[in-house]
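Presented as structure tokens, the chain that follows is alone, the form predicted alone.
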Amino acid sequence: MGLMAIDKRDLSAFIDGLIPQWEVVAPVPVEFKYAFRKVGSFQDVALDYTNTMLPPKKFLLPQRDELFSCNPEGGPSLTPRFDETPRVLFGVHSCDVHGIWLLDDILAEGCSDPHYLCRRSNTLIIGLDCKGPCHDNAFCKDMGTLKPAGGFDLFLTDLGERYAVQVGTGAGTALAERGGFYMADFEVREEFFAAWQKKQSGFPNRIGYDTAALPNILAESYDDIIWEALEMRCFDCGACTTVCPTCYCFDVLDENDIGTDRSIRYRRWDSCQLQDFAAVAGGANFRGKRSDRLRHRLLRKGKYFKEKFGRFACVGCGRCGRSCLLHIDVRDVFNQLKG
């Protein structure tokens, strides 16, 4: 919607000014890594962080999410639970912005997810450009997520003494005006485009072909022996889906609060890589083999969602490869399929 700017010395006051009214979530250092957590001050924020293991989607789609409770006293009554906390996700890298943007489309279509949409409608996203690849196995440039194209309210790019600020929504405009941002002049625009060119040249391509061909390559490789080879390495532990910014599968469970007769229905993250995920009544399992589950996951990431939404469901963050005990790396699989 436009380009603005803010001086670095003013960013701290801007974020600290949000904290009394908003729950501000940002990357913070945790031992030898980083995690998105609620912060009490801008001083807590790690601006130069490398990608967190769990993506910030966990604040929109929590690992455990209470849906409603039931209390039979005075007649059965259901109490739905919606999280309406005003929240700001600050410092979100472009790959994770793309992940949330895709979830926005997926979880709003058809039988939409009201719990996700409630959190999303009360959440502002302030992105932050990364200056270089977060890890050696990141391949965001190949997947088209090196810069944001949507899904953010404000997005900051470091220009040295100030930040160029892309404004993505009307809410972002209001936030920028409140924070004293100013319209970008010619110098800021020139520095912004120079920073983008520098970033683009600083990120390597790690897939050996144009990923526009990926959906066709995956379709042609449906019966490839590579899936059987991967099956021999996979523990089907589900770690890859747990850390993925675009995975959203969940299981639903009921829990009784003994002594109060109150029952809770909640959901928790599930994984298409687990053996019983596709089991149905009668004992059938239409993806009982690990090779079938691995193929299904990769086809969703590189083909199905690209054809439906125009965007890959793999954002190239490399989290799955880093979390896999057997070092199964999506980019390696994509490259092998082409070979």
Partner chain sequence: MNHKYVSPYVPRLAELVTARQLTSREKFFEVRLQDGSALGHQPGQFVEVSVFGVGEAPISVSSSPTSQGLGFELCVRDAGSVTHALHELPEGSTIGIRGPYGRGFPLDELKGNDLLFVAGGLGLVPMRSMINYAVDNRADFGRLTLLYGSRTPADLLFADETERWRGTPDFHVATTVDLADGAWTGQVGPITKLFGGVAINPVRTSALVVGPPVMFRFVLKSLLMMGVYESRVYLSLERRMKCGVGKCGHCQIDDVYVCQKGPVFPYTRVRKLPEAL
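It should be emphasised that the depicted structure is a prediction, and the values quoted were computed from it without experimental measurement. Positions refer to the first chain, counted from 1.
Although not depicted, the form predicted in complex with its partner chain is the subject of the following passage.
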Problem set entry | in the model of the complex, D44 touching its partner chain (heavy atom, 4.5 Å) | no
Exercise. P114: heavy atom within 4.5 Å of its partner chain in the model of the complex?
Worked result: yes
Exercise. Is the gap between F82 and its partner chain in the model of the complex 4.5 Å or less for some heavy atom pair?
Worked result: yes
Exercise. Is the gap between S121 and its partner chain in the model of the complex 4.5 Å or less for some heavy atom pair?
Worked result: yes
Exercise. Out of 170-178, 243-251, 207-215, 142-150, where are the residues with a heavy atom within 4.5 Å of its partner chain in the model of the complex?
Worked result: 243-251
Exercise. Quick one: which residues from 199-230 get a non-hydrogen atom within 4.5 Å of its partner chain in the model of the complex?
Worked result: Y222
